[in-house]
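We begin with a single chain expressed as structure tokens, specifically the form predicted alone.
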Amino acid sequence: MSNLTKILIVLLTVSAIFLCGIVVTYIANANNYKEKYTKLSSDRAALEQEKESLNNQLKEKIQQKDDLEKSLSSQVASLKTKEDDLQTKITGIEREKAELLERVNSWASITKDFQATTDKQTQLLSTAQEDVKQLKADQIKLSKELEQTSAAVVEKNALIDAAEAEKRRLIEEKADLQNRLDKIVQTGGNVPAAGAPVTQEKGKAMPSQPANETINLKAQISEVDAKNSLATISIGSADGVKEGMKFHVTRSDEFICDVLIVNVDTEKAVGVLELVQQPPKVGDNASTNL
């Protein structure tokens, strides 16, 4: 084989290899172009859909804008009407203001005269208030004097009541002595001895003894109402207490006062204080006989 043939064979081999590479490269590039075309087609379709969606949204926005413009136009027209009404009212108010200013100017002189009258009335009121204060002071003074007088009257009434009670006691003792004298005269016919005077000597008062010495009830003072000269004893009708009974109140061996029963309950009795030497206390002894 000649060298030329060998060279041709080598050239053919190289050419074949080169052509094979070109074919492989073409096929690879063709596949890549097909993928890119497919992707671009898909992207274009997506963009078309997005464009359609955006167009629809744009139409909706335009419609909303038109509706909003109509609404705003209506509101503007309403506000314009209100503005016209307010302007009319403002005009009327300004007219009324001018009229009121005229009235104020006309009332200024009247107010001045009224102020002078008010000042005068205020001065008279101050004078009257001073007179009222003086009258109140005099009233308080008279009230104090009245209270003192009332207290004195109450004290005098208490003394009078005590004197009346003493008078009744003396009358009762006199009647009792007269009854005794009458009985003695009727039974014995003898002239009775001279009796002791009914009025006791001055000094500490002593209780009168009851006509019935057989009654001997004992109790204690359970309540004292010094304001009303009343006292309550610890026994009542269940123990034989009756209205009109007299209990002698003692403390230790000291005579305190008498209690003339005026109201009787089952377990207690209330009486009026008589011959009070000193105020009784709860717990003092009370008995019908000394």
Partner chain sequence: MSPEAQIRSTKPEAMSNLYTIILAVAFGAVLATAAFVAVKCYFDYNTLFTIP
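No experiment lies behind these values; they were computed from the predicted model shown. Numbering follows the first chain given and starts at 1.
Keep in mind that the form predicted together with the partner chain is missing from the display, and what follows is about it.
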Discussion item. Considering non-hydrogen atoms and a 4.5 Å limit, which listed residue (I27, A46, A238, A226) is close to the partner chain in the model of the complex?
Written reply: I27
Fill in: Single option in S53, N31, Q64, S42 placed near the partner chain in the model of the complex, where near means a heavy atom within 4.5 Å
N31
Discussion item. I'd like to know whether T13 contacts the partner chain in the model of the complex, with contact meaning heavy atoms within 4.5 angstroms.
Written reply: yes
Worksheet item: Looking at the partner chain in the model of the complex, is some heavy atom of each of L72, V76 and L79 within 4.5 Å of it?
Response: no
Item to complete: With the partner chain left out here, work out from 54 to 62, 247 to 255, 227 to 235, 32 to 40 which stretch has heavy atoms within 4.5 Å of it in the model of the complex.
Response: 32 to 40
